[in-house]
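What follows is one chain in structure tokens, specifically the form predicted on its own.
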Amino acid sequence: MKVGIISFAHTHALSYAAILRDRSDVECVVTDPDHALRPAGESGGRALAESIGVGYLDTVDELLAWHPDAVIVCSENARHVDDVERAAAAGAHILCEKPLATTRPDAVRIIDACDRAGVSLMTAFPVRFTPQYAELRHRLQSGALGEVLSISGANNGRLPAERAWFTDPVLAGGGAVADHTVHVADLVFGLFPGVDAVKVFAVANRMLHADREAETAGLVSIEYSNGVTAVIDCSWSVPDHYPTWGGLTMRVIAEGGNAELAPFAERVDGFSETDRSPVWLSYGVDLDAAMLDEFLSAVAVGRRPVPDGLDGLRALEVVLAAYESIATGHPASVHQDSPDISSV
């Protein structure tokens, strides 16, 4: 299968490229046409592609003329819509980085473009693929935990300083709230199929990394139509020299007991005397690889991948309501009008 990657802008692009490079059933090519516009010192372009051993083409047009079966869009959030529309029109199935877009109209454009072209659309939510999450869903759906009362989640990471656009409110659509809320929000939607987010109250600040334009920490409270309330701590609070980027956790409080999800807890901790720094050795499932397995499998057999475009839209709507709440100081209603499409 021929898979193209549009842009090295998102830090996850390197992981995807390395995974695809090592798959015998995939030919991977990257294009990173805007790398010269990034701040001095940021990596990208042909040099970065060659350093990790993947093919490179100079423009999106050249990549699409290569006729990829699928394309992974890793450009800045505000540029997703244009890249998806071009790739979908060329007949490529799409895996798009999260958040799906920076506005609801752009997210709907993305979904509509894939629908018109008859290609599948997947949103990049890799935490969906941790085995612990599958077990949590099973226990909830079997009734083993009883009625869920509340959920608390945290997605704390290191400021992605290697890419300045993450803290550009225009290109990113916000800061830590946009970057980190969507993952936990998506997990909650996955636990309760058919349940809507109704209302959001959120606060945010720039106490961490105060020199950045976008917010670097936030707390988001979400009310769902089934009566459950979820609270999400989303921040770039992990120190710069911590041995890993961060982590995600979630606790479900239910009548029959509590359940905790910690997808990145499978690790060995230690300290390197040689490097004079902490050591973090993960041995759990490679969630990016598991997500790519789902995407490529869905493309190969012609089925809808999960999580799909509508999942990406629903998570984005929570983020947009959070920003409305931050701006007004009051709870904000979540947009619940589904787009008039058939293949989200």
Partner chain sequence: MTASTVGLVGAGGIAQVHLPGWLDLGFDVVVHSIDGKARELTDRFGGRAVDSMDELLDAAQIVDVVTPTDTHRLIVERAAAAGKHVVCEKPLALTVADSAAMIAACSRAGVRLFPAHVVRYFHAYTAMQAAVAAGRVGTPAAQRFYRIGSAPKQPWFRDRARSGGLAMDQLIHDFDQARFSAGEVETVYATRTGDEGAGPTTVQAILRHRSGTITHVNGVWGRPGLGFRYGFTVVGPDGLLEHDSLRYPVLQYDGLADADKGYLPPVDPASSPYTAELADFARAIRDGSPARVSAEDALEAVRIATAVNRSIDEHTEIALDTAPSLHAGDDREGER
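Everything numeric here is computed off the predicted structure, so don't read it as measured data. Positions refer to the first chain, counted from 1.
Quick note: we don't show the form predicted in complex with the partner chain, though the next part is all about it.
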item	value
Heavy atom within 4.5 Å of the partner chain in the predicted bound form - residue from 219, 136, 164, 113	219
Partner-contacting position among 201, 129, 189, 264 - heavy atom within 4.5 Å of the partner chain in the predicted bound form	201
4.5 Å heavy atom contact, residue 233 to the partner chain in the predicted bound form	yes
4.5 Å heavy atom contact, residue 255 to the partner chain in the predicted bound form	yes
Distance check, residue 260 to the partner chain in the predicted bound form, heavy atom within 4.5 Å	yes
4.5 angstroms heavy atom contact with the partner chain in the predicted bound form for residue 154	yes
Interface segment, criterion being heavy atoms within 4.5 Å of the partner chain in the predicted bound form, picked from 113-121, 204-212, 93-101, 72-80	204-212
